[in-house]
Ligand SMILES: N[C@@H](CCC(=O)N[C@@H](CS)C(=O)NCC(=O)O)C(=O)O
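What follows is a single chain, given as structure tokens, in the form predicted on its own.
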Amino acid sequence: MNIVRSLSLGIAAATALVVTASAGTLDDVKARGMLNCGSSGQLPGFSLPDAQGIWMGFDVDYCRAVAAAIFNDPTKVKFVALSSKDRFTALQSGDIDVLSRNTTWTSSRDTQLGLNFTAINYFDGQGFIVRKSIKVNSALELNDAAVCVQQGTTTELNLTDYFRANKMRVKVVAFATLDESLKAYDTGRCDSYTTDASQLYSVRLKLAKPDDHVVLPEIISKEPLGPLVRHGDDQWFDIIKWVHFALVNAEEFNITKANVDEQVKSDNPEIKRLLGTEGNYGEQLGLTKDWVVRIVKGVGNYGEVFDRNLGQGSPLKIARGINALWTKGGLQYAPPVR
């Protein structure tokens, strides 16, 4: 029995190895003619269908950038609305090709789910929102408060850790979805609502009277956000990772949606490599020479994506802060194309 069992296990392992080695998400996406992208679908500024049903937002534009790089068409994306509870399962099962959904990079998620985080496209941190009427100016004044939170998120653990560390009591009121937890806060069931600070500015717009609420100054955690892919397909991992780096590098070299055609004529060696007029760096990814030109024409550079969805060109008006380029005091820094 032991010999048979060992043989069976060996065959199973070999089969698994073959499946992994032959993984070709790029080929699957090309054959389908469409990228399947998982996102929230509930967060203004990050991912939310507009009145015409067209998905808009920062996370959305990342998938559009991938589609632009592959198809030269940023509209070739099917968006799948996913809750916190089912987002990882959808990627693991192959229902989606990439998860671009305000998801925090943690050690357990990176090692236990069979998934890879590709890059940090938004540096975030958890905060709190409260009604102005309760006259609270700091999260440290929330002792004994009832705090609404979404289940299945890093937010729950951060919340209890923060109150325990500061020797305060908290009544955690958890809900399965963002809308449920936000509605509970808006109707007065909770004194505060907590999530990533970027989302607080977003969900504030969904409250009945947004101006009656204020985001408190404390940031109680590190929440590095970024897209995920499945283990076992290094080429696809590289493509999603380098789409982010392309967006950041394009901003650093001031390559914009408006001037990219002119920038293609540049004599700057770094710009020539980035835009594909020198070298075969796009082909090394399995894409075309002009893959970055396609991305910038499709969605702009990182700064343009940030500004129109989250920054001063959006209703949220979130400051770039640590998401500014490294050349401007921020953390956004991309390896060179060479």
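We number the residues from 1 along the sequence you see. Model, not experiment: these values are computed from the prediction.
If you look for the form predicted in complex with this ligand, you will not find it shown, but the lines that follow are about it.
Undergrad: For the chain seen here without its partner, which of 146 to 154, 89 to 97, 234 to 242, 165 to 173 has a heavy atom within 4.5 Å of this ligand in the model of the complex?
TA: That would be stretch 146 to 154.
Undergrad: Could you tell me which one of Cys190, Ala246, Leu225, Ala139 places a heavy atom within 4.5 Å of this ligand in the model of the complex?
TA: None of the others qualify; the residue that does is Leu225.
Undergrad: Looking at Thr256, Asn72, Thr104, Ser266 here, can you tell me which has any non-hydrogen atom within 4.5 angstroms of this ligand in the model of the complex?
TA: Only one listed residue qualifies here, and that residue is Thr104.
Undergrad: Is it true that Ile120, Glu251 and Asn301, all three, sit within 4.5 Å of this ligand in the model of the complex, judged by heavy atoms?
TA: Negative, none of the three is within 4.5 Å.
Undergrad: Taking this ligand as it sits in the model of the complex, is Leu43 in contact with it (heavy atom to heavy atom, 4.5 Å or less)?
TA: It does: once this ligand is placed as it appears in the model of the complex, Leu43 has a heavy atom within 4.5 Å of it.
Undergrad: Does Arg204 reach this ligand in the model of the complex if we count a contact as any heavy atom within 4.5 Å?
TA: Heavy-atom contact with this ligand at 4.5 Å: absent for Arg204.
Undergrad: Flag Arg109 as yes or no: does it have a non-hydrogen atom within 4.5 angstroms of any non-hydrogen atom of this ligand in the model of the complex?
TA: Within the cut-off, so yes.
Undergrad: Should Ser83 be counted as a contact of this ligand in the model of the complex, where contact means heavy atoms within 4.5 Å?
TA: Ser83: contacts this ligand in the model of the complex.
Undergrad: Check each residue of 172 to 204 against this ligand in the model of the complex and list those with a heavy atom within 4.5 Å, in sequence order.
TA: The stretch touches the partner through Leu178, Tyr193, Thr195, Asp196, Gln199, Val203.
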